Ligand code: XIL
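First comes one chain, alone, set out as structure tokens in the form predicted alone.
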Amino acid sequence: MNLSRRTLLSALAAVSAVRSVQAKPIVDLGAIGHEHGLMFGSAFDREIFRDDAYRALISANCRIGSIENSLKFDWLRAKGPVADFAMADRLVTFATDTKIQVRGTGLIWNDWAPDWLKSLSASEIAATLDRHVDETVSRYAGRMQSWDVVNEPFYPPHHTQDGYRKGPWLDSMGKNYIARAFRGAAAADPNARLVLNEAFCEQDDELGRSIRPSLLSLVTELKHAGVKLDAVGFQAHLKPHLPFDDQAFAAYLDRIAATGVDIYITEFDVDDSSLPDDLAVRDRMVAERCTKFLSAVLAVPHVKALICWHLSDRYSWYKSADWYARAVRSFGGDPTRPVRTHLADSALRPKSDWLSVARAMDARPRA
């Protein structure tokens, strides 16, 4: 597929004219990515069972999908160590029936730990990690493309040794919880690809630059220790108001890949809080930021996946983020305005950044 700008613009206009997306969009992002050696997809969760149009949009465009919340520890085991897999089972079945390769996110994460976990002793927390990883990964063995085994291991503002993110897993086992979780996941499903997922690294500010060397050191250490680590995920919630250097970030991805791992972009969207209220201007600026970032990042051969953190503004996580309205106000915007952070609007109509993603993927060499 060699998509000209005229073809993509015409297709985008045709799709945008449709008020309810029920059929396969003309610009099929999953197909474009596939032809260029890239798995394209999105996060989704239980909303697909009550929103037929959104389920159709996901099904038509995604070759890979991340279960947003329902496989996370605090969702599975909110009240105690016994897991409730009912919703996760439905979501995995939906994905496999729809021929979407499915990913589990946030298997082990120090944030959002339930109170019952934090009340346990260190040895009990370690045993709980082993149980959670084994039960969860083995339950879906052979059905999962990949797991984000450990999410966001670093957060330098917590001021721990080496910048690790504070929480019950780190507190009880030190950084060894990371290798322990990966070894448990590998034993429970030897065929699933195991991913270490991190945030902020795409930023060229103090936070992003401080995490990069620590993450590279951890990846190198895990690989040298013989831990099964197949890919490193980078969230890429792009923030136009913060410093960025996309070429420098792409060069960093090359260094990570040189350790013997693939690269996944796992939670792609654009934080529009600093951008003008005007919808047309804001959409154009979001699309421009997508283009610049993806032009650099998708040129890295080891980037194998581009996964949005939802396809539509209808389910944008920014809507429920308590800081988002405050941020919009601080930049002089109307905090009640609609978010424009994802590839399709709240009516599920693809926007100009849908086109930006399509063109960026199409610019990659063919697989």
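What you see is a predicted model; the values in this text were computed from it and never measured. Just count from 1 along the sequence shown to find any residue number.
The form predicted in complex with the ligand exists for this protein as well; it is not shown, and the discussion that follows is about that form.
Stretch-level contact analysis of 52 to 60, 294 to 302, 331 to 339, 309 to 317 against the ligand in the model of the complex, using heavy atoms and a 4.5 Å limit, identifies 309 to 317. Although the partner is absent from the chain shown here, none of F85, R143 and D189 has a heavy atom within 4.5 Å of the ligand in the model of the complex. Contact check for R193: no non-hydrogen atom falls within 4.5 Å of the ligand in the model of the complex.
In the model of the complex, at least one heavy atom of E152 sits within 4.5 Å of a heavy atom of the ligand. Looking at H237, you'd find a heavy atom of it within 4.5 angstroms of the ligand in the model of the complex. The shortest heavy atom separation between N69 and the ligand in the model of the complex is within 4.5 Å. W109 is the sole member of F244, W109, F94, Y164 with a non-hydrogen atom within 4.5 Å of the ligand in the model of the complex. Contacts between 257 to 283 and the ligand, taken as any heavy atom within 4.5 Å in the model of the complex, involve only E267.
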